[in-house]
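Here we start with a single chain on its own, the form predicted on its own, put down as structure tokens.
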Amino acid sequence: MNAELISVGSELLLGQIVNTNAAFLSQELAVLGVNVYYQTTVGDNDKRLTTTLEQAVSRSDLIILTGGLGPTKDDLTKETVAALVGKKLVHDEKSLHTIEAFFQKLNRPMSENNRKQALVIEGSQVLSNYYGMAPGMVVSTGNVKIVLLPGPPQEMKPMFTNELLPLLSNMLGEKTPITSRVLRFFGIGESQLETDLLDLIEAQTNPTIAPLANEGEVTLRLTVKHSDTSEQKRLLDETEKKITSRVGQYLYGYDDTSLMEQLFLHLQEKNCTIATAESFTGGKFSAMLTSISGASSVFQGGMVSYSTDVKENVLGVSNDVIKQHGVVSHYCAVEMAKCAKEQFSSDIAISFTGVAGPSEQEGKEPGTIFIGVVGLTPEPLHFDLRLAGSREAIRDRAIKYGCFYLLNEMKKVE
């Protein structure tokens, strides 16, 4: 089956929002073995959408549209598709009841245009929306299936997974179960990872191996088809073993986890508490850790010692260290971590000092980063980095490196 994705919305063309829907759908369809050959973004214009649809129908077996199912006049997707397939729009009573109940619960009057969201193409298969108002639908024209999904990702993703995915599996006549495992790597670039695994990637059959770069990290998606679940696991384990024998030192987790989540789980498992002292990261490490439910079991506290005066007079960094080595140094990073551990009575502590940019500091270029860690080993640890990118990218990558270093050091003492 060859598929085509059409994202509808002028806000996408204007760059006001990022199109994450297309990436999600392409990844999910790849798991099913569906080829996505075209992705198109079109504004809220019925003529341009009609032209796009006509072209899609001429070359694809499956067309998935996202967006344009809302209550306003510029939401034209279902009207345009209905005209294309020669069907009228009718109210779906179940969806209409859901929308009415929503407004009754809020004790707010429902405007007439909200009723528009319950309209579906006559004869279509309706996809229920449990996270919003507008239902999705599947309609046929000839041998082509056209799917309409809502634009908001928090509505589109569960609708695809819970409502559409079973239908697609039936359409494909897929009898062999498909399972995926995502390996998450940090500290190695996509090009280097591919180089190290090139022969495995080129020889892939079952499981398949798909690399993907994402926000300073790299993932490998292993996908296997087999009727026996134990054989699926064996094939995935075997492929993973080949991969980790080469680049296992960069593997930190699986599937939908993150570096911070893995760090939290390790801290929790070891009944270990942590404190922080942050300078150029501005408390971002602490904020990310405390955004995880249950973080109070591992996080003691932290200090944003942004200025030199606060580093010395509040956090307690030695004036001698600052005078001899400056605040942008591994000496200062270690002192900051020591002070944080002492002040917050934690088992371990981590610190961040450096230059995020855009200007130099103490003669150090932007991207010069020092991370201090105390409490994991008899002697303090420090990690010196040279990062590139925007100010925000440098801050974010430094935090990820901090998590990665802590995870690696904690594994060494297990």
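The model shown is predicted, which means the values in this text are computed figures rather than measured ones. The numbering used is simple: start at 1 and walk along the sequence shown.
FYI, the form predicted in complex with a further copy of the same chain isn't displayed, but the following is about it.
Note on the interface: of 226 to 234, 324 to 332, 291 to 299, 139 to 147, the segment with non-hydrogen atoms within 4.5 angstroms of a further copy of the same chain in the predicted complex is 291 to 299. Of the candidates Gln125, Gln192, Ser128, Asn206, Gln192 is the one whose heavy atoms come within 4.5 Å of a further copy of the same chain in the predicted complex; the others do not. None of Gln262, Ser95, Gln343, Thr239 but one reaches within 4.5 angstroms of a further copy of the same chain in the predicted complex through a heavy atom, and that residue is Gln343. Residue contact with a further copy of the same chain in the predicted complex: Asn162 places no heavy atom within 4.5 Å of it.
When contacts are judged by a 4.5 Å heavy atom cut-off, Gly248 does not count as touching a further copy of the same chain in the predicted complex. Within this chain, Arg108 lines the site of a further copy of the same chain in the predicted complex, having a heavy atom no more than 4.5 Å away. Of the heavy atoms in Leu12, some are within 4.5 Å of a further copy of the same chain in the predicted complex. Residues Glu11, Leu12, Leu13, Leu14, Gly15, Gln16, Ile17, Val18, Asn19, Thr20, Ala23, Ser26, Gln27, Ala30 are the ones in 1 to 32 with at least one heavy atom within 4.5 Å of a further copy of the same chain in the predicted complex, listed in sequence order.
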